[in-house]
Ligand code: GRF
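Presented below, as structure tokens, is a lone chain in the form predicted on its own.
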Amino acid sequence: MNIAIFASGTGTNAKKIIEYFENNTQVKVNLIVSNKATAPVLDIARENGIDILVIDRHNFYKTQDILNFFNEYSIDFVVLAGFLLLIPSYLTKSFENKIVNIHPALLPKFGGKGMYGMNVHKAVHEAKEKETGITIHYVNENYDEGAIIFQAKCLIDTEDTPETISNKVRILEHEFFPKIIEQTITNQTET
């Protein structure tokens, strides 16, 4: 199974996924896709000898060119790891239940357009939530509305700030995201 990871930023989750599957003979990270030519995740791809595709927003939505790249790289599964563009319907239909995303909160709370990164942690903090966590879910045409695959929780202390909440959530992301990707792929190949 060949994975394409979509990321727009630093790539800490992408790095953990690459490391997790480094010696796996069944699953390989074959391509890193970004909508930002200067995204630090591209340096992680280069350091690990993984090919890069920088996409243009207009082409991403107005053409289906990315499917040609997916064929060229034999992509079977897509992982969104901090990718900020909405996935177009032609891609969700072509890869139905083969695109997963990680969200830094317990969906359906704190999801939707604009709810990413520190925006989520600030909203959780302002709502005085007692717990937060991660949600790994399938991707459909709407932000954060695909079927939930897995959630993990962490407690929020009264002295926590959005930054400390972010740190707690990142620990969960790094611990669980690669494992849940592997489980999801394994479950699909066994059926």
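Position 1 is the first residue in the sequence shown; the rest follow in order. Computed from a predicted model, the values in this text were never measured in an experiment.
Beyond what is shown, the protein has a form predicted together with the named molecule; the following relates to that form.
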| property | result |
| --- | --- |
| Proximity of K179 to the named molecule in the predicted complex, heavy atoms at 4.5 Å | no |
| V78 within 4.5 Å of the named molecule in the predicted complex, heavy atoms | no |
| Any non-hydrogen atom of T10 within 4.5 angstroms of the named molecule in the predicted complex | yes |
| In the predicted complex, V100 touching the named molecule (heavy atom, 4.5 Å) | no |
| Residues within stretch 158-184 having a non-hydrogen atom within 4.5 Å of the named molecule in the predicted complex | R170, E173 |
